[in-house]
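Below you'll find only one chain, the form predicted alone, shown as structure tokens.
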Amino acid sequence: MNRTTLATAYMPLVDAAPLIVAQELGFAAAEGLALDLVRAPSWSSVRDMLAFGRVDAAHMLSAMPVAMAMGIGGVQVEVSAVQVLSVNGNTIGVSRALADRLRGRGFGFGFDDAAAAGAALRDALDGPLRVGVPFPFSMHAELLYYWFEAVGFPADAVEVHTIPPPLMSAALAEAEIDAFCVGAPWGSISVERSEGELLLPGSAIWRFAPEKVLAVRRDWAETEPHLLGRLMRAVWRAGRWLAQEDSATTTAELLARPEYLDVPPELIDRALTGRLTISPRGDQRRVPGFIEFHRGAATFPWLSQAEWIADRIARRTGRDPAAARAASRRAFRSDLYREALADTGAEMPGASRKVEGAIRERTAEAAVGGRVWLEADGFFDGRVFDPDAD
């Protein structure tokens, strides 16, 4: 079969796995595709490669298409998030010096209590906290801002710096930052190099946060609907395979290759299994659902998730929240998801919006053709986001 080649940008992160697996294990080939995977040095490079036509699709931060729809960032190209690639998968880490200070004040690094960790961090400050994130408009940044606000950080107590994920550990070692929020495996890299310690998983702040999306240009989606559908089906099937319990070892070895992440497979395995080493002393923590590629309708692009992101960005940057939420609904394309995956057996929620943070335990909800099991999605402080509320 002749295959159509699609250039696809990605960053070297564990959550690029659906794209890499789709290509390497034949899910793309089954759809008559070959993915030309282009490794990018930064998230701004991913954005620009997609926006200006260097690639056809991209592994992208969930907040990036929303920010672009709001007219933020200087690139005036509409980008569509057609599918969520991964949920969760981030860690918050601190420098060894800050970890020692926290431990000296009695903090136990339980790794599951965002309120306690935030209060301990706030009370340990002796100046502004310099925090590294991979991009200004990212789930990393939004989780941190939400967390800092909820635990009462002073407005002038945080300085946020943009640092590409592979450089985060070095920035910590060189004392450019005191803390970070970054996707796997780069938090584990800082631990392995004895440059930092892990404080929390991102899921301790929001239990089911959409982290990365499959993004395409809106005009490409409109002119190449059949190609888009084939790409989405290949990636969805790769995500389903990744959710199998026995896939972790193969995935870790695959992603560890020099052309992809180029890191030891055991560091990738930590993220895939949720068994994290949080300090150079070898302290370990188990995080169920540390990263999710399929279960709980993880790949569905909920409009309400886009609206939460837009609302947070708007309030932080002085924009109109209602206008931002309206713009965000153009970025997350649940309509294209329903169309492309209708015949795959993918779980299709009955609605495309929900109250975010309201699901306290695994729950069955109405779905097209039956029901869908949704995972708990609570925020650590008990708040919810109702997209229909003023």
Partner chain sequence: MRTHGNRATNGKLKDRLSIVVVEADRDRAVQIVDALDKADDYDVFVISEVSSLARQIAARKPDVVLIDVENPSRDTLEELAIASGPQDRPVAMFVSGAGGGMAKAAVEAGVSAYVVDGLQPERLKPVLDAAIARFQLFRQMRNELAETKRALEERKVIDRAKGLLMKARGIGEDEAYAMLRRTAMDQGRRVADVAAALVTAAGLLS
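Residue numbers count along the first chain shown, from 1. Because the structure is a prediction, the values reported are computed rather than measured.
Another form, the form predicted in complex with the partner chain, is not on view; read the next lines as being about it.
Colleague: Can we say Arg193, Pro264 and Gln284 each have a non-hydrogen atom within 4.5 Å of the partner chain in the predicted bound form?
Modeller: Checked in the predicted bound form: no contact with the partner chain for any of the three.
Colleague: Can you work out which of Thr162, Gln244, Thr249, Thr223 has a heavy atom no more than 4.5 Å from the partner chain in the predicted bound form?
Modeller: Spelling it out, the residue with a heavy atom inside the cut-off is Thr162.
Colleague: Only one of Trp186, Phe135, Trp206, Phe290 gets a heavy atom within 4.5 Å of the partner chain in the predicted bound form. Which one?
Modeller: Checking each option against the partner chain in the predicted bound form, the one that comes within 4.5 Å is Phe135.
Colleague: Classify His59 as contacting or not contacting the partner chain in the predicted bound form by the rule of any non-hydrogen atom within 4.5 angstroms, answering yes or no.
Modeller: No, no contact at 4.5 Å.
Colleague: Contact with the partner chain in the predicted bound form for Glu365, defined as at least one heavy atom pair within 4.5 Å: yes or no?
Modeller: Output for Glu365 is no: heavy atoms all beyond 4.5 Å of the partner chain.
Colleague: I'd like to know whether Asp112 contacts the partner chain in the predicted bound form, with contact meaning heavy atoms within 4.5 angstroms.
Modeller: No, Asp112 is distant from the partner.
Colleague: Quick one: is Gly345 in contact with the partner chain in the predicted bound form, heavy atoms, 4.5 Å cut-off?
Modeller: No, Gly345 is distant from the partner.
Colleague: Counting only non-hydrogen atoms, which stretch in 331-339, 346-354, 47-55, 22-30 is within 4.5 Å of the partner chain in the predicted bound form?
Modeller: Contact criterion met by 47-55 only.
Colleague: Scan 167-201 and note down the residues that get a heavy atom within 4.5 Å of the partner chain in the predicted bound form; none is a fine answer too.
Modeller: In sequence order, Leu167, Glu176 come within 4.5 Å of the partner.
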